[in-house]
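In the block that follows, a single chain appears as C-alpha cells, in the form predicted on its own.
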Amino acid sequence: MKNDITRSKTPEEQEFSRKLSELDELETELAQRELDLATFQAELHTFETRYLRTVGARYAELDEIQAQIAEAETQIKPKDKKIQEQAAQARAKAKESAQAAWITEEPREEKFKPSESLKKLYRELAKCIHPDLAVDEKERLRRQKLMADANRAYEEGDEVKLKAILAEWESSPESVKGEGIAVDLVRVIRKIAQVKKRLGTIETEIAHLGKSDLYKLKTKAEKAEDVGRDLLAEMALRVDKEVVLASKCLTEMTRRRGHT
C-alpha cells in the first residue's frame, strides 16, 4: 500500500490562487461593464441617427434659408460690416448643420435591441481580448484593433463576425499563457490593476454619456413615447413651420430686390 503524500502549496502558490480568483471575478465584471458601455453607445448612436433623419435635416434646411436671407441682406446693405459678419456666421452654421445631417448609412431599427446570445458572445469576447489585459505594447495594439472590430460587429448585431473574431483570438500566440509561478504572480497582479483601471474609465465614460444633451433628449423622447407622443415628430413639425416662414421671408426679400 502506497502512502499518498500531498504537497502543501507554497505561500506564493496560495497567493497566486487567490489572485487568480480575484482576477476572474474582475474580468467577468469588466466584460459586463464593457457590454453596458457598448450597448449605451449603440443606443445613443441609433437615436442620434433617428434624430438627424427626423429633425436634423429640417434644421439644416432652415439654417440654409436663414443663411440665404442673411446674404441677401448684405446685398441690400453692402457697407454694413455687422450684417456682413452675421451673414458669414449664418453661412458657417448652415454648413455645419448640413454636415451634421448628412447620413450615408442605411436606416436602422428605431431602437438598438441586441439578442441575449449576442450579448453573451460579446461578454465572452471582451473578457478575452480587452486591450487593458495586454502585457506589452504590440499585444495592446492588436487587442485594440480586435476590440474595435468587436464593438462594430456588436452594434451591427453581427454574431458571425463576433464568433470569427473570437476564433481568431483563441488560435493566436497571444492567447497562450506563460509558465512559472513568480512570473505568473506578477502578471496576474498587474492584470488586476489594469482591469480595475479600465473599470474606473468605463464608469467615467458612462457618466459622461449620461450627462450629454443627446442622452437627455433621448430620455425625453422615451418618456413622451410612454404616453403615446412622438417627440421627434413634434419637433420636426415645429421646424417645418419655421422653414415655411423663413422661405416666405426669403421670397419677399428676393421680390423686393428684383424691383430695385
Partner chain sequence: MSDRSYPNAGELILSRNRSLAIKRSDLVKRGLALVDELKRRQVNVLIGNHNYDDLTDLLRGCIERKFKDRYDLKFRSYKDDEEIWELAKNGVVNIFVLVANNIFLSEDIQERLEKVLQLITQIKTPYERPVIACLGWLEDPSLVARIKLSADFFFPLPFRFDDFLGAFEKCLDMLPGFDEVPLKRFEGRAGYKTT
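Numbering follows the first chain given and starts at 1. Bear in mind that the values here come from a model prediction, so they are computed numbers and not experimental data.
Here the subject shifts to the form predicted in complex with its partner chain, a form of this protein not shown in this document.
Next on the checklist: Against its partner chain in the model of the complex, would residue 238 count as a contact residue? Criterion: heavy atoms within 4.5 Å.
Outcome noted: Close contact exists here: in the model of the complex, residue 238 approaches its partner chain to within 4.5 Å, heavy atoms only.
Checklist entry - Using 4.5 Å between non-hydrogen atoms, is residue 26 touching its partner chain in the model of the complex? => result No, residue 26 stays farther than 4.5 Å from its partner chain in the model of the complex.
Checklist entry - Taking the shortest heavy atom distance, is residue 96 within 4.5 Å of its partner chain in the model of the complex? => result Yes, contact at 4.5 Å.
Next on the checklist: If we define contact as a non-hydrogen atom of the residue within 4.5 angstroms of the partner, is residue 33 a contact of its partner chain in the model of the complex?
Outcome noted: Contact check for residue 33: yes, within 4.5 Å of its partner chain in the model of the complex.
Checklist entry - If contact means any heavy atom within 4.5 Å, which of 158 to 166, 75 to 83, 129 to 137, 112 to 120 contacts its partner chain in the model of the complex? => result Correct option: 112 to 120.
Item to check | Heavy atom within 4.5 Å of its partner chain in the model of the complex - residue from 41, 194, 54, 68 | outcome: Spelling it out, the residue with a heavy atom inside the cut-off is 41.
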